[in-house]
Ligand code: NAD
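Shown next as structure tokens: one chain only, the form predicted on its own.
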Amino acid sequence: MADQYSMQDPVTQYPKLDIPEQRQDEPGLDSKLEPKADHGEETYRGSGRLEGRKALITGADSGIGAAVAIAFAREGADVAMGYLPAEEEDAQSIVKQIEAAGRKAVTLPGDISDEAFCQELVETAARELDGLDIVVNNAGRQLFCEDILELSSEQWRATFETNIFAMFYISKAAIPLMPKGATIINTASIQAYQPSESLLDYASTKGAIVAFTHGLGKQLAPKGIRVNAVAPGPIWTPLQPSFGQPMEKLTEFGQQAPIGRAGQPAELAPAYVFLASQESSYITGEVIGVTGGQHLP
């Protein structure tokens, strides 16, 4: 088990993954992922940096969202979790982690591509948590397609509806409920800057997320609400085997990064904690890359 607190070689902090050929139906489950990902269950130690805060996290059942939910809870925040109904099994495992940290977990299954559900998601989260001061727009859809002539209009539309339309719906619903000092954190991607040829629709949405973050950060700064983003590189999550990567790229996933391996969700969580905490009070409209060395512009 990796130790995230002792100084060590980041190349060997986690092993280079031996990834077997595998496929899951979209959206994919952490419980079926081989090898298993680390969300910080055994490694993340909190220090009260988010004591009393109230967070809504989309895609909180697995992958990056799950790691962020665990970290936020261990830092003292109550957490409302958005996720698809098909991901209930994964969600319940994260509920146990949140409750073990002594914090409240609120489960809110549904489809964020639907504007009405996004509004309901925000309203219910704020009601059940008795407030809302952190929103993490993390849920995403990624399906590879190697030829634009084979990329259907339906897939293009669905990817945008999940990845960027929902971010607009959720942010718009949440902002009137958020006090000064609140934060919005969006999940962008290295794909916004270095798009893969097989992820045209996904990379396009991530580019839009970067622009959305820059613009909304400026717009909300006078209101005392900060907006930032984290841009992950190759992180091992269920998104990858559920048709997020071609098989030949899946089994070699992450090895092209300068650090030489895929990242783990647990390695993303501290960036979200930092952006949610008052420690980042003078940072807004920014994107933090967690990419294994594939630098952002």
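Numbers follow the displayed sequence, beginning with 1. Everything quoted here is computed from the prediction, not taken from an experiment.
The same protein has a further form, the form predicted in complex with this ligand, not shown here; the description that follows concerns it.
Taking 4.5 Å between heavy atoms as the contact cutoff, choose which of L50, I235, I70, A266 touches this ligand in the predicted complex. Residue within 4.5 Å of the partner: I235.
- Single option in C145, I164, L220, L84 placed near this ligand in the predicted complex, where near means a heavy atom within 4.5 Å: Of the candidates C145, I164, L220, L84, L84 is the one lying within 4.5 Å of this ligand in the predicted complex.
This ligand in the predicted complex: within 4.5 Å of a heavy atom of each of G59, S113 and T187?
Every residue of the candidate spot has a heavy atom within 4.5 Å of this ligand in the predicted complex.
Just one of 210 to 218, 123 to 131, 71 to 79, 103 to 111 has residues with a heavy atom within 4.5 Å of this ligand in the predicted complex, so point it out.
-> Result for this chain: 103 to 111.
message: Just checking whether Q97 would be counted as a contact of this ligand in the predicted complex - the rule being heavy atoms within 4.5 angstroms.
response: Judged by the heavy-atom cut-off of 4.5 Å, Q97 is well away from this ligand in the predicted complex.
| Heavy atom to heavy atom, is K206 within 4.5 Å of this ligand in the predicted complex? | Yes, K206 is a contact residue.
Although the partner isn't part of this model, could you tell me whether A55 comes within 4.5 Å of this ligand in the predicted complex, counting any heavy atom of the residue? Heavy-atom contact with this ligand at 4.5 Å: absent for A55.
Although the partner isn't part of this model, could you tell me whether T183 comes within 4.5 Å of this ligand in the predicted complex, counting any heavy atom of the residue? T183: no, not in contact with this ligand in the predicted complex.
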